[in-house]
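Take a look at this one chain, the form predicted on its own, written out in structure tokens.
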């Protein structure tokens, strides 16, 4: 296998093909602290892309409750079991990726879900970990009793396991934006991609006999629009944009700023080796050991940075810009208590105040001889 550099695990690794990064790479940031699991994103995606025959069970976007929620059932537990122990040292992952742990008769280490694994998308919903006495106040962070919501889409990985595993070369990564797609004409339904994907975001259509997956809403991306799951999110937890190549950073780019400058957004299970391009701001109230195995060894610093958002104008400004426009924000700035977002041509798309103004209502309106407060 060729040797490629994976910046998320801090080292070179084995991969089926030579490194061939796209001209620009689409990426997302999800803030888990804001998600309320309303499933608006799930339904929006479902109604847009997976309403056809054979797609009834498919949720290209789903929101699951951690630690006991999965779709398909047990997807990440099985991933961790396959990879085995593998810690971090000085930002470098010491274990094996899904490519390096593969046996001689497989390209990628993986597992094939059964039909029942796809049958319970809401398993574990709102089910907490830990226990406490009734009526107990839980003031500590992280909490003794906790859960959080994890919104998931295809990661449109830099080194897709689905692409590496496909014997038909039916899966490809678009050079213009890095979106990973399945060529339906070439696919023969071998399902090697379903087996290989560590995140189980490739799904098999029993009617058409081909594999299908999230297409990154590429018709919207091509028009400079953020994806359907982003624009429909009522919690405003999401950003869609583009991330700079390894070794390059644009501090005015919202994705770069959150991922590379402030390092407050982290990849999901980076130890898989796929270099996923969906990044998560980790929940501040969940146990750190659990979060470290999920997001890597940058969790501690990311949470501390996030906690100081209210005193950090740039970080606060980006939080306010989330969900403020359906257009892709390529550049941003914060100036005089206002956050500004700009398109690829430098045209202003939106501006929002960092703090909503406060108006104090008078107790009594002399002009109209009426009380403006409840006096009962």
Partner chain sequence: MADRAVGHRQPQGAGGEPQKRSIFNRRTFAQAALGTAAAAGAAYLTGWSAVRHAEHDDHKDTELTQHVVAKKIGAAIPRDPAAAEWKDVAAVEMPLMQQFMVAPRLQPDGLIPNATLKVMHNGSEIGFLVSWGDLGSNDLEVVGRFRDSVAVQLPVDPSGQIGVVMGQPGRPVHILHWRASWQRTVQKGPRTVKDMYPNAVNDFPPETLLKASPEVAKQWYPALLAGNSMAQRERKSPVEELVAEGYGTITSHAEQRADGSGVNTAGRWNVVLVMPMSGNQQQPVLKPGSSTRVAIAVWDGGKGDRGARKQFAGWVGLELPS
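Residue numbers count along the first chain shown, from 1. This structure is a prediction, so every number in the text was calculated from the model and none was measured.
Although not depicted, the form predicted together with the partner chain is the subject of the following passage.
Proximity to the partner chain in the predicted bound form, taken as heavy atoms within 4.5 Å, picks out 106 to 114 from the listed stretches 106 to 114, 142 to 150, 85 to 93, 251 to 259. Contact with the partner chain in the predicted bound form, defined as a heavy atom within 4.5 Å, is made by none of 246, 312 and 338.
For the options 100, 304, 222, 126, the one in contact with the partner chain in the predicted bound form, meaning a heavy atom within 4.5 Å, is 222. Shown alone here, residue 363 lies farther than 4.5 Å from the partner chain in the predicted bound form, counting heavy atoms only. For residue 76, no non-hydrogen atom is located within 4.5 Å of the partner chain in the predicted bound form, even though that partner is not displayed. Residue contact check for residue 189: one or more of its heavy atoms lie within 4.5 Å of the partner chain in the predicted bound form. Using a 4.5 Å cutoff between non-hydrogen atoms, residue 56 counts as a contact of the partner chain in the predicted bound form. For the partner-free chain shown, 15, 16, 17, 20, 21, 22 of 1 to 36 come within 4.5 angstroms of the partner chain in the predicted bound form, judged by any non-hydrogen atom.
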